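Just the one chain here, laid out as structure tokens, in the form predicted alone.
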Amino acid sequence: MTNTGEWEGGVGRSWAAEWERTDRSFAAMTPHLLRAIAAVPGKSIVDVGCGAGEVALAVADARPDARVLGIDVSADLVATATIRTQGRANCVFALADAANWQPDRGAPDLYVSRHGVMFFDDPPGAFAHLAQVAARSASLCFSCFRSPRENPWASGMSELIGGGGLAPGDPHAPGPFAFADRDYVADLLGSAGWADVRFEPCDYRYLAGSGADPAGDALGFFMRIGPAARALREMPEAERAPVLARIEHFLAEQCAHGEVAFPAAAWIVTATKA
């Protein structure tokens, strides 16, 4: 479980520091999301949980006549995204929680998000609020992970640390796999004021490590980013060493052609305001 408070603190700081590697991990999926966004009209666009800003910046470049606002609860991520704008006049970033954010320049007509909406503390309330403050014809387009089983970069790591990071419990608790169940997401969006909910499966290559030491690069990445990171941080030192040895072996087995990569699976979800 990763809640808003953690994104405001250490998790957000880690993602801000690791933005180049997190963008890299999504590099094969992001073009699919951007194509889906391109098919949806909108000139007042909000990137929800914008992270370090890659998607917001790409949308702003593709729509120079649009105004793009990226919002995130992490001050560190907002600061990183702002640095990356490089003077773009049509893209800005702001520290805000989408669950209670209020537009100050007219109602948005398009919400986008790359894996940023699964961490709402209260998903029904957050999506209902977004619908309430949106324009009458507003649309929604976001990506989210499918099941851990379809994402061995996460499930494989979890097995090596005894289930850490993907512990059993509420499958819909805030976290990377909270929206894996399409029926749950469809019902959630429908009850929150969104209609015509559609799901497009996206299978892609999750790049975790490269460079001179791909396995070491991947290990450093997973120790800071992803569901296993917290479990590793909280593990007693005596237990951590053998676990890290198993993880290093696992990552080395995935190394091919100078890269550590895994199959990954996401949904691209679109909807319109009811």
Ligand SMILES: C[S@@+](CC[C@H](N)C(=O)[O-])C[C@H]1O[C@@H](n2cnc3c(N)ncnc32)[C@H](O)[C@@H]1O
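Quick note: we count residues from 1 along the sequence shown, nothing fancier. All values derive from a computational prediction rather than experimental measurement.
If you look for the form predicted in complex with the ligand, you will not find it shown, but the lines that follow are about it.
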- Item | F262 within 4.5 Å of the ligand in the predicted complex, heavy atoms | no
- Any chance H115 has a heavy atom within 4.5 Å of the ligand in the predicted complex? yes
- Query: Does the ligand come within 4.5 Å of any heavy atom of F120 in the predicted complex?
  - Reply: yes
- Query: Would A79 count as touching the ligand in the predicted complex under a 4.5 Å heavy atom rule?
  - Reply: no
- Query: Looking at 70-78, 178-186, 153-161, 195-203, which one sits within 4.5 Å of the ligand in the predicted complex if you count heavy atoms only?
  - Reply: 70-78
- Query: So, W15, F26 and A98: all three within 4.5 Å of the ligand in the predicted complex by heavy atoms, or not?
  - Reply: yes
- Note on the structure: Exactly one of A208, I37, C50, I45 comes within 4.5 Å of the ligand in the predicted complex through a heavy atom, and that residue is C50
